[in-house]
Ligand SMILES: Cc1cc2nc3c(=O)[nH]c(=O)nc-3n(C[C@H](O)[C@H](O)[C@H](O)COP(=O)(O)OP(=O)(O)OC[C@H]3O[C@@H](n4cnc5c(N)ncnc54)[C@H](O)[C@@H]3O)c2cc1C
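Quick heads-up: it's one chain on its own, the form predicted on its own, in structure tokens.
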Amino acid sequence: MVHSQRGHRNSARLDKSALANLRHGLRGDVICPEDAGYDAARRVFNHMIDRYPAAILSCADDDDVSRSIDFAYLNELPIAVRGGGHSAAGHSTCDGGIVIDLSPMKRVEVDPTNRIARAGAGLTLGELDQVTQQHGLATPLGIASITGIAGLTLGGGVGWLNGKHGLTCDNVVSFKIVTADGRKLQAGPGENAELYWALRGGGGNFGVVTSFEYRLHRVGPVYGGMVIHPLDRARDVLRFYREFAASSPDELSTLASLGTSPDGDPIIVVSSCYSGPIEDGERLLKPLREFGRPLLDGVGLQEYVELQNMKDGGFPHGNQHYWKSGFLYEISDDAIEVLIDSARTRPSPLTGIGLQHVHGAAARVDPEATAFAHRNEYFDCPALTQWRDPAEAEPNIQWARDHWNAMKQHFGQGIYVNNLGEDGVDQVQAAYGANYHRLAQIKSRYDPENLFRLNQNIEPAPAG
């Protein structure tokens, strides 16, 4: 494909007449600083991100998205793209630019016979799960229902079904996308195949994805939940967890986390989801439930959407966030000591450290088959720093950086794209791994001017 040329940029300033024309041309809304709903509309999940876009374009369809891209380009304005607005790094908003807001685009169509779902980019995980589960079906998504499907999918998507059915991006049949030159394309195995490859893990670098076609799987009630221990038993629990996870079949996905109970007590939690026959789940999770003397054993039979909501309470609205992350290929005794020390010294009880097991089907894909390159078994290990008072930002951010520096010697190559924050170019390249240079070539064809740069950015490869 040859990128169509736009010609020279128009240097016209954003003015009221330009906005009036835009309002007239969009089916959705245009929200500007003088409008009553602006302050609410500009807010995103991470309240540490406090930015003031020139306009928020609430798009109703692909045509609205295409017009919005053209408008931003002609007025030389930066573009931020918002699906669920869940980017902890703040990529879904900007200062002085245009926010293309996809949140109104929530249409869902389920074909239960062919096990396909067509989902608008404004949906959250919970909204999509609610519809697909009416048919006893699901596609692999994340672990918090408040997350938007768009950013999650484009960055890979690690969730409770990763061992059995792979990552979210592995289950995308096709994408609808509006590219930098305003074209509306379909990307799938037989159409724009190179773009289809790039969108499965390459982030929002290639245009605005407006809808996804997902492959669905039979997912009925699952067996799982949380087992909670006090933090002073974390050393034994984590040693047990590394052996337990290592022996887990594809159907069993697990996540260990160090955090705080609702009563304010430091705890370690091992969460699980078994998506196979219930009697096998009961047998496989029995050692986890009987290990030590847990404060709470919440493992049992539950609906899949209930399990997907399990972590939502850990991310209350209005918090400030700062994330640092890496991959652990081995939970060594030395790494355990660092994790425990960091958990004990957290400035905020809202902060947690996770160890999410990536294995099975997700780890058996050829690293070159999709843009998501990290196809081996590991633990995604993010420090999800949270606090409420803006005055507490400095000690919390410093704690996260100190924790990451202490863990750095234990981390292996790579980092999960969706956990990137302020990280530099070296970390961005590590997130895309061996596929970075191929992605840069594709970027140069679909977005040679790097119009879509407010993301985990891949710079276009130089011409030639």
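Residue indices: 1-based, along the sequence shown. Because the structure is predicted, anything quoted here is derived from the model rather than measured.
Not on display, but discussed next: the form predicted together with the named molecule.
- In the predicted complex, the named molecule lies farther than 4.5 Å from every heavy atom of His374.
- Remark: Val208 counts among the residues lining the named molecule in the predicted complex, judged by a heavy atom distance of 4.5 Å or less.
- Residue contact with the named molecule in the predicted complex: Gly83 places a heavy atom within 4.5 Å of it.
- Contact annotation for Ala144: at least one heavy atom lies within 4.5 Å of the named molecule in the predicted complex.
- Only one segment in the set 279 to 287, 263 to 271, 154 to 162, 246 to 254 has residues whose heavy atoms sit within 4.5 Å of the named molecule in the predicted complex; it is 154 to 162.
- The contact with the named molecule in the predicted complex, taken as any heavy atom within 4.5 Å, belongs to Gly204 out of Gly204, Gly354, Gly326, Pro294.
- Of the residues Tyr436, Phe45, Trp399, Phe411, just one reaches the named molecule in the predicted complex with a heavy atom at 4.5 Å or closer; this is Phe45.
- Residues His91, Ser92, Leu102 of 89 to 116 are found to place at least one heavy atom within 4.5 Å of the named molecule in the predicted complex.
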